[in-house]
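Shown next as structure tokens: one chain only, the form predicted alone.
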């Protein structure tokens, strides 16, 4: 196991695509912060660092979907996987070693983005929230990144084709994101809603609030709240602070652990039975 990890990390440090991914993650945040600062100088818009501090929760899974698919696909295309089996390595150890290096790569991508945010964003905008709050929520987002790494490892270890793995992984990220948006919008529907009608004087007047038929109630609302917190798309929205503040960090971490355990356990079982000839 130790030799597998050493070999995987040695290959990671030599991988040009990995360093390109690091540069992309850092560059995206530097560009975003620069645009926000220019907007502040030109138009006096008051921007806050905490509003964009966790955007790696959005960028990270996208970059990971490409890099990890290519990284794991090389195991098949270069014959590395077959060689590991020939020298007597267990399939479970091979899978776990790849999962660990994929998780580490995802965390490093996130750190590249986060460190740029702190290094440039604090001098530009300052930091209004307590440092402890930043640390605890950052740890929560890292668990989400590990959950995505486990999902991409499952796909990459069970598919031979790099192109197919990349396509499936990217589509999965955007699919999760779109489902998360739909679920979030359903939950954000107001309980009461008003309309505007034209009066006899030709003016638009607001009607009395009426129950909104799209508002979720009872068991249906609890089910949607579960989906919002459990599905990776909802976690992207919550952890990146894209739509609203989240106070469910512990619950999100628990669901991330569930994702890691289920995908890793299922992936190992399926990989044990996979025909690699």
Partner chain sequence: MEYCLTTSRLTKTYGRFQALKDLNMHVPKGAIYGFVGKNGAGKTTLIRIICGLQNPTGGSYQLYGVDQNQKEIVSIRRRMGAVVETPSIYLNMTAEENLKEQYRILGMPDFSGINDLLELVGLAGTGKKKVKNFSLGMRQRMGIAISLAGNPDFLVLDEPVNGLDPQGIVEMRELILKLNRERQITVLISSHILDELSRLATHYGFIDQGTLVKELSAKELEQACQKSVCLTVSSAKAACQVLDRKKLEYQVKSESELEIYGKISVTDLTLALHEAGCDILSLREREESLENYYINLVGGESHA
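Residue numbers count along the first chain shown, from 1. As the structure is a computational prediction, the values presented were derived from the model and not from experiment.
The protein also exists as the form predicted in complex with the partner chain; that form is not presented, and the subsequent description refers to it.
Peer 1: Among 117-125, 100-108, 184-192, 75-83, which stretch has residues whose heavy atoms lie within 4.5 Å of the partner chain in the predicted bound form?
Peer 2: It is 75-83 that comes within 4.5 Å of the partner.
Peer 1: With the partner chain left out of view, choose which of 10, 261, 20, 269 has a non-hydrogen atom within 4.5 angstroms of it in the predicted bound form.
Peer 2: Flagged contact: 10.
Peer 1: Please check if residue 138 has a heavy atom lying within 4.5 Å of any heavy atom of the partner chain in the predicted bound form.
Peer 2: Result no; residue 138 lies far from the partner chain in the predicted bound form.
Peer 1: Since only the chain is shown here, I'm wondering whether residue 92 would be in contact with the partner chain in the predicted bound form (any heavy atom pair within 4.5 Å).
Peer 2: Residue 92: no contact with the partner chain in the predicted bound form.
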